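Only one chain is given next, in structure tokens, and it is the form predicted on its own.
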Amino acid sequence: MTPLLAPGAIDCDIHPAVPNLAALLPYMDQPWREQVVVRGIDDLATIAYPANSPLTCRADWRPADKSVPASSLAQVRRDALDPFGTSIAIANCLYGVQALFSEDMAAAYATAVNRWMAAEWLDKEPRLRASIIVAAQGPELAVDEIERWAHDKRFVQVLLLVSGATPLGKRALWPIYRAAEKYGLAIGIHAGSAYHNPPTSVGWPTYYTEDYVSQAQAFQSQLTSMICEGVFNKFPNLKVVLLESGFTWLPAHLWRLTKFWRGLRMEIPWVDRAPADIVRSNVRLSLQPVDGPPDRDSLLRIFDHMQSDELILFSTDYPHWQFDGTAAIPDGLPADLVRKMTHDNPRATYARLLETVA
């Protein structure tokens, strides 16, 4: 039987959606608003979810009026907050600012999305926190955006995509990590792509199934990049959260990475701890989508292989279709582990929650 969530669960990944471009225009600076209107720029497509894919929104969560799923506060309250007794939910808006080639326009869109999030969601619903949307294609502009919102403790994370234009460990991106560490913000890396490069390591796929499954490979590559390039050595207090990554791949990947680190560590001497130790101290993963086996014993064996009960953060991934009803927690998990995932681990990961949650 699916365990009931204790009151006050913290949901680390929900997806309020921009309903249309018109909703953002009031929050866009005048020169960019004029450009968008005069040039007839359409809505920026989502960076991960085709609108009509069943995975994009559970059938009973699709609005009857055919509006964009999760684009109204009433929907989110009814479907994502109230049924799970959620005390806090972290809103990760997947709007395609990362797909733009113009760094300046991408930054203007990011600012508009963050203003819209603050005014239309955070100001109206005290249970919500949010990620700062940045356009990582311009790291200096991304830092400006972080500093724009650093004073607002309701923003608890900086959101990046797992498949952008470059490996996330590259030093060109370190100013983003430096700013996040300075202001006590986690770095959230979410499934999705800017689609400037193929979303698989072997080229462009034909089907969405291939794209979605390949996201786990992208997470493995980005985690390896951040460890080997020395991100966590340079920023030892930085927390990185892998969102919608799955988690069953982690033990085997760490075994392989640790093996080759031992044999090749002269190449990366700054990595002075085993990769598994770095992950246990600095990296967390969201629960949904659960990619584990359906039987309790096999799933618990995977948790044992992680060698930590602090790695997984509760998430519903609303409105994406990962489970039915309120069965967000797999059957058979021990109550103490569920408590860690839903309450203790999120509080330990997001420093700002301690400042904003009683």
Partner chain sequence: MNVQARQTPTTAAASKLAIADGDIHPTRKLASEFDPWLEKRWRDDIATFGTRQRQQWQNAPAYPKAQPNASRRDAYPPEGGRQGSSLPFMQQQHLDPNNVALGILNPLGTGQGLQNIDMSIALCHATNEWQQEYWTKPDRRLRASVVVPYEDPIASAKEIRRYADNADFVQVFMLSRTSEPMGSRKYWPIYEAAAEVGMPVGVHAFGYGGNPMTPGGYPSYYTEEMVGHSQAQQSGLASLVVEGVFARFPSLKMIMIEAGFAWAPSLTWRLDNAWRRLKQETPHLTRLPSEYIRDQVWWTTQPMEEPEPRAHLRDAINWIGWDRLIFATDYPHWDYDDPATSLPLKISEAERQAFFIGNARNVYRGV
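Positions refer to the first chain, counted from 1. Since this is a predicted model, take the numbers as computed values, not measurements.
Omitted here: the form predicted together with the partner chain. The next part is about that form.
Note on the interface: of 81-89, 181-189, 209-217, 146-154, the segment with non-hydrogen atoms within 4.5 angstroms of the partner chain in the predicted complex is 209-217. Exactly one listed residue, out of Cys228, Val283, Cys93, Leu100, brings a non-hydrogen atom to within 4.5 Å of the partner chain in the predicted complex: Cys228. With the partner omitted from this view, the residue of Ala252, Ala172, Ala119, Ala74 that lies near the partner chain in the predicted complex is Ala252 [heavy atom within 4.5 Å]. By the criterion of a heavy atom within 4.5 Å, Gly203 is counted among the residues contacting the partner chain in the predicted complex.
The partner chain in the predicted complex is approached by Leu257, whose closest heavy atom lies within 4.5 angstroms of it. Taking the partner from elsewhere, Arg262 is found to have a heavy atom lying within 4.5 Å of the partner chain in the predicted complex.
Remark: Ile41 does not count among the residues lining the partner chain in the predicted complex, judged by a heavy atom distance of 4.5 Å or less. For a residue to qualify, one of its non-hydrogen atoms must sit within 4.5 Å of the partner chain in the predicted complex; none of Trp61, Asn114 and Ile278 qualifies.
Residues of 156-178 placing a heavy atom within 4.5 Å of the partner chain in the predicted complex, in sequence order: Ser163, Gly164, Ala165, Thr166, Pro167, Lys170, Arg171.
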